[in-house]
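Consider the single chain below, provided in structure tokens and representing the form predicted on its own.
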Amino acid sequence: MIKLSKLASAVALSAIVASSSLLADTVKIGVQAPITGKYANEGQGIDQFVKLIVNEKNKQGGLLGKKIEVITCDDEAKAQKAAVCAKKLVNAGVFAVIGSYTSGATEAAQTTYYRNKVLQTSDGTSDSLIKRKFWTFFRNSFPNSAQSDFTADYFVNIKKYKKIVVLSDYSSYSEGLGDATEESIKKIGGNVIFRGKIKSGTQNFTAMLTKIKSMNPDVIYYSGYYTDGGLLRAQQKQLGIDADFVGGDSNDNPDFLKLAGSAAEGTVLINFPTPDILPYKEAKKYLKAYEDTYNMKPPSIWAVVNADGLRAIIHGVEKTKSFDTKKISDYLHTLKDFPGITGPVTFREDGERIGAKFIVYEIQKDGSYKVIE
């Protein structure tokens, strides 16, 4: 009995050692994104691009010799679920998280990642994400303030709009971009005749649009998401409101065209360059790989900037030869002109990506985009 007991103990110990060895050969990266819900195609695009980058790295021998495991948590773009995701991913042992898609969901998870020294990179554009000064956070897109200044210049100095309406929903991203755009327009002498807010998901915006129609605006600018932007554009046309419609960056999604229908024609979108016109060597390589792998194009630029956030973190690990997140963070805060898919990636000391480039597109009758500025 004693010999059998010793044998059993030895087997158990061997199993523990083998398990520990296996775990030591694996490193975990999290994806926090809306895999389901109204922004599901964006979240799925982020998840797919992350897995594409990770699969490539694993085929090359992994990260510092360790296989990368991706753990995905669906936050549905909701703050409460985002907070739950953050705890789940921390408990799973990730050292870095890509996401989330929305600023609200990103912000809801930020503190948990910071307290647990887990790196986070997100496309969230809300200026508040950087104001917390968490050393763990890196924005892989560009802030609302950069987009608002570009939009204001386009409205006031290029289009010469005299009567501007600014609409947003109540989310931190949309409200922040709407407020920043209004402020930027006024700062350079533009005239915002109405600043309104809609409840996202309402679907029927005729009351708000009827009110706006009586003001006879030159342009309606919407700083929210494509799920509402497409419906706003369709209902604007139905009500016969003769004004340009300009959408902020989160209106740039194929589903905007579906929701707006024929009214999508003539809509103007302001965003970073779309994936298909990115001129960089890395863009051509990774966009082809994405299409070859998934038989589709990325849903928008957001999947691509998140891929760049992941690539920057991987680069930081390789340069520091460490998974110590503080060492990686310190290195990334000095990163300059890293060759990204979306262009050179440079981070400020507060984790802000700098060097924003925006483009103005007009949606054509066939649904294609024409660069107009």
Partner chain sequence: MDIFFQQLINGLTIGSLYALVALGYTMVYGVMKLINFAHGDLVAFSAYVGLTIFSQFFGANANSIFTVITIFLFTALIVAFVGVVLERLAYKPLRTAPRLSAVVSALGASLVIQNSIMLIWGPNMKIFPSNLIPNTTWQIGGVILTFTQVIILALSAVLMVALYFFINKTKIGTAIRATAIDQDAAKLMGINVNRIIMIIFIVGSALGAVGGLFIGIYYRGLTFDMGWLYGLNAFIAAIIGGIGSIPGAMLGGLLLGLFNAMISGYISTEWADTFTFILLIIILIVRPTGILGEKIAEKV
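Numbering follows the first chain given and starts at 1. Bear in mind the structure is a predicted one, so any value in this text is a computation, not a measurement.
Below, we refer to the form predicted together with its partner chain, which is not included among the displayed structures.
- Though the partner is left out of this view, Thr36 does reach within 4.5 Å of its partner chain in the predicted complex, counting heavy atoms only.
- Its partner chain in the predicted complex comes within 4.5 Å of a heavy atom belonging to Lys213.
- Its partner chain in the predicted complex is approached by Lys199, whose closest heavy atom lies within 4.5 angstroms of it.
- Although the partner is absent here, Ala260 is a contact residue: one of its heavy atoms lies within 4.5 angstroms of its partner chain in the predicted complex.
- When you look in the predicted complex, the only residue of Gln203, Thr293, Gln80, Thr111 with a non-hydrogen atom within 4.5 Å of its partner chain is Gln203.
- In terms of contact with its partner chain in the predicted complex, the residue from Ser172, Thr72, Asn271, Thr227 that brings a heavy atom within 4.5 Å is Thr227.
- The stretch from 128 to 136, 204 to 212, 271 to 279, 100 to 108 that comes within 4.5 Å of its partner chain in the predicted complex, counting heavy atoms only, is 204 to 212.
- In the predicted complex, Leu231, Ala234, Gln235, Gln238, Leu239, Gly240 are the residues of 230 to 253 with at least one heavy atom within 4.5 Å of its partner chain, listed from first to last.
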